[in-house]
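Only one chain is given next, in structure tokens, and it is the form predicted alone.
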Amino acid sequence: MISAFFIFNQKGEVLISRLYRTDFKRSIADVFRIQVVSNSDVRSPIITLGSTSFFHVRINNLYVVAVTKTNANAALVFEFCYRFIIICKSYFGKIDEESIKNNFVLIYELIDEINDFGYPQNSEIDTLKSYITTESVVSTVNAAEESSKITSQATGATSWRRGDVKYKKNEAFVDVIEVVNLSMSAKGNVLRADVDGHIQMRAYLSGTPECKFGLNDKLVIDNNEKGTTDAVELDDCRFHQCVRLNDFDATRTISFIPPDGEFELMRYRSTSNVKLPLKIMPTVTEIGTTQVQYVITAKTNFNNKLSATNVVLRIPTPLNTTTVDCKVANGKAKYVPGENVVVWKIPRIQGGQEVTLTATASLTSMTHRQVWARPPIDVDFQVLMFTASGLIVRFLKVFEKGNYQSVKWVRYLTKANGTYQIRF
């Protein structure tokens, strides 16, 4: 598995160095410095030199590097690197060169704890914080009692949660967040439409509660409620380790004992019956070689009680554009010469509303006229309480031996960020 672990700064200086096995010497760091850090042409996150493989992740001008001589599972190595980054953020916030130097003792403790002889070990943040403490995370409980709790937590079935968690008010917050991916042709045909979604949960519940979570999954609806049309087909579901997969396979119910605090419960994809929140209707006309006229209409496809916020349309212009005269009734439109786009920003569009931009781009004459490639229009937006996949949380139940009352909150958010494209 992993034989060595390093953190380099952008100059190639070694900030953190740990050799897990004897098949490497510390001088292997010089190879990475010469071959990757000093070589601006390297773009791949995996570099193989002979029998040695370097896996690296860049974050804030730092290189987090894992080195191995074996045919290691690349996905597992990268998961370990990203997990290390998440753990560091939870301990001391932003990861940069200064924070690494200020917390190097803590980092050596962490990398020794989460990796043993090159094999990843328990990396649950709550568990680590119970016995690797910093000034901001100090244990005040009796050492012997705390030690027994740590042992049972690290070796028990629920290593992600302690059993003595207590809250005055028991609450569970569920966020269903979806990113819409759209590629539409100039004729209005949908070339690609799918949804990447994840369910984020914040659990502030006492004890060790059992949670049951139900969605309008197509398999459940077809089996139990025939005739219902709001079923959703979910693809590529991926769950947090707390979810009992046997229960999901048998009944499609997500049952789990949640970690304390915030965590990602599941990820999923949906590729069928995607509801597009915004319909963009572009009309772009080239008038000779001196002008291009635009009429761009955006229309919302959801209930008038909802609204799209932070809507941004990036409308491409030819490379030889000199000025653009924009007219809009909603929001603000501005030509950005450095990017050859008209940026149209609309703070809010109500459901059922239609907004229009008209613009005229003036072009300069060129000796060698090139055909305009017409890049697609990019659209960014956010819509609260709307899901493009149609996914709905049907129920969230909390069972605990104390039989306390808990408050549940569910919020939906659909957004696009550079993935919603319309050709013209």
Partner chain sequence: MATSMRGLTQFIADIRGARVRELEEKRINKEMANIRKKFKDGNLDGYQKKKYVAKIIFTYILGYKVDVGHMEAVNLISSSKYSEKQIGYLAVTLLMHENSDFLRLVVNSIRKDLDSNSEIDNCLALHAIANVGGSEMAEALVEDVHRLLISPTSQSFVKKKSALTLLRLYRKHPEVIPAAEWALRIISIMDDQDLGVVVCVTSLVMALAQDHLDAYAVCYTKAVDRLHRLVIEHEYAATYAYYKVPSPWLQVKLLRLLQYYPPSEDPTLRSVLHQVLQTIMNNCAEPTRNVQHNNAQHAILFEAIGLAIHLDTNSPLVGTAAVLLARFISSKETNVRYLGLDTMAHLAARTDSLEPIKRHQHTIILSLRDKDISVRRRALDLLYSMCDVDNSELIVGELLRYLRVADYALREEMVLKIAILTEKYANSYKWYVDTILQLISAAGDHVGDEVWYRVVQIVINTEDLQEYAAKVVFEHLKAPSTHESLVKVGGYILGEYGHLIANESGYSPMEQFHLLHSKSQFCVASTRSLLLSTYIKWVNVFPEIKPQLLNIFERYRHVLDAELQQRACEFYALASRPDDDEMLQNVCEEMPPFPPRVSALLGRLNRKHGDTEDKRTWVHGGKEANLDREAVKRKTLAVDTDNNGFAEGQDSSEILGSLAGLEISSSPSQYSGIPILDSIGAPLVDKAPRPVMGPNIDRWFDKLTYSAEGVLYEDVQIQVGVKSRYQGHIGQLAIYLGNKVSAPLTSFTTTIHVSDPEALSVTFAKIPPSTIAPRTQTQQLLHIECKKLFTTTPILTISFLAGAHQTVSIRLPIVITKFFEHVKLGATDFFERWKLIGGPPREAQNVFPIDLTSTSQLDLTKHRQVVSGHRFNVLDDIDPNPNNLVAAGVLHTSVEGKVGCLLRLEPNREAKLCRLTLRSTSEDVASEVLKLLQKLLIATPT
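Numbering follows the first chain given and starts at 1. Predicted, not measured: the structure shown is a model, and the values here were computed from it. We call the rigid core whatever largest set of C-alpha positions still superposes within 1.5 Å between the two forms.
This next part talks about the form predicted together with its partner chain, which is not shown.
Checklist entry - Among T322, N73, T283, N246, which has at least one heavy atom within 4.5 Å of its partner chain in the predicted bound form? => result After the contact test, the surviving option is T322.
Item to check | Partner-contacting position among T364, S27, S51, S44 - heavy atom within 4.5 Å of its partner chain in the predicted bound form | outcome: None of the other options qualify; the answer is T364.
Next on the checklist: Only one of these stretches, 251-259, 266-274, 337-345, 109-117, has heavy atoms within 4.5 Å of its partner chain in the predicted bound form; which one is it?
Outcome noted: Among the candidates, contact is made by 337-345.
Item to check | Distance check, S38 to its partner chain in the predicted bound form, heavy atom within 4.5 Å | outcome: Taking the distances in the predicted bound form, the answer for S38 is no, it never comes within 4.5 Å of its partner chain.
Checklist entry - Are any of the heavy atoms in Q405 no more than 4.5 Å from a heavy atom of its partner chain in the predicted bound form? => result Output for Q405 is no: heavy atoms all beyond 4.5 Å of its partner chain.
Checklist entry - Quick one: does T22 come within 4.5 Å of its partner chain in the predicted bound form, counting heavy atoms only? => result Residue-level check for T22: no, no contact with its partner chain.
Item to check | its partner chain in the predicted bound form: contacted by all of Q10, N61 and H368, heavy atom 4.5 Å | outcome: Affirmative, all three are within 4.5 Å.
Checklist entry - Taking the rigid core as the frame, does Y63 move its C-alpha by 2 Å or more between the shown form and the other one? => result Shift at Y63: 2 Å or more after core fit.
Next on the checklist: Does V37 shift between the shown form and the other one by 2 angstroms or more at the C-alpha, the core having been superposed?
Outcome noted: After core superposition, the displacement of the V37 C-alpha between the shown form and the other one reaches the 2 Å mark, so yes.
Checklist entry - Core-aligned, does Q10 move its Cα 2 Å or more between the shown form and the other one? => result Indeed, Q10 is displaced by 2 Å or more.
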